[in-house]
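Next comes just one chain, in structure tokens: the form predicted alone.
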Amino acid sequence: MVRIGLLGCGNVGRIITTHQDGFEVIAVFDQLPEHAESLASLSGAKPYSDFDQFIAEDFDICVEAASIAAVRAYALTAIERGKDMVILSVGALADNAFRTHLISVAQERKRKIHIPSGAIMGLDNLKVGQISQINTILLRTTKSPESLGMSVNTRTLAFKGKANECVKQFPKNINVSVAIALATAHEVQVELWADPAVDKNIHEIFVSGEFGEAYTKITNLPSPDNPATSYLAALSVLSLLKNIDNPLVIGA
């Protein structure tokens, strides 16, 4: 049984701890003690608000379900302390220097960094871009104006450009584009639309390359207890953990 230390005790953390299958959450960490204690009461895990005490626990994988800031603050230490990492807030890896150093330390310590598919599907097949030419990748994301901090009455283009530029204006909306860029090893163009007619997050991915062309569209339902979180993102972490030790590996 794979032993998990959970970094972040919000909505995604709650979904993970209440759907343990093929893994066991033995420790949970949050800077707010009451959040850690609340989640621990549901799972039987030990609660921590001190990261050094948390990371000293005997678990195999540290699962981040908190924020980009949490990845930057804790991921390197977790790897240095001999833990594999699952990073949901992959937007933290948009920082080239941070990502390069994190990967280098993981290689030295013979640790793994796992990136779940998050709020999209098909991330595994996009890895063909690492061995075959990809010509163009466009991510078109549509969200409600409120989720983008905007007030508009018609469908409005909020941003168009490179993913690494989008982070400067919309730092909470880059996880998907960064995950695609890492999978394909190719620059991603982003269109971010605010649409008052939608109440779900919609991600459309257009890819062309030597393999042909691909188009996927994902309409995300919000998590039952937090409309700001994609339920698919939480499910992708559960799927990764359930299959992490499976001898039968499906997908690229």
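Worth saying up front: this structure is predicted, and the values here are computed from it rather than measured. So that there is no doubt, residue numbering starts at 1 and follows the sequence shown.
The discussion below concerns the form predicted together with a small molecule, not included here.
Would the small molecule be touched by all three of 12, 69 and 74 in the predicted complex, meaning a heavy atom each within 4.5 Å?
Contact check passed for all of 12, 69 and 74.
Thinking of the small molecule in the predicted complex, which stretch from 100-108, 129-137, 87-95, 148-156 has heavy atoms inside 4.5 Å of it?
Answer to the contact question: 87-95.
Can you tell me if residue 5 lies within 4.5 angstroms of the small molecule in the predicted complex, counting non-hydrogen atoms only?
Because no heavy atom of residue 5 falls inside 4.5 Å of the small molecule in the predicted complex, the answer is no.
If you check in the predicted complex, is residue 32 within 4.5 Å of the small molecule, heavy atoms only?
Residue 32 belongs to the contact set for the small molecule.
Indicate whether the small molecule has at least one heavy atom within 4.5 Å of a heavy atom of residue 167 in the predicted complex.
No, residue 167 is distant from the partner.
Should residue 175 be classed as touching the small molecule in the predicted complex when contacts are defined as heavy atoms within 4.5 Å?
Looking in the predicted complex, residue contacts with the small molecule include residue 175, since a heavy atom lies within 4.5 Å.
194, 65, 207, 190: which sits within 4.5 Å of the small molecule in the predicted complex by any heavy atom?
Exactly one listed residue reaches within 4.5 Å, namely 65.
Could you tell me which one of 113, 163, 119, 182 places a heavy atom within 4.5 Å of the small molecule in the predicted complex?
Selected residue: 119.
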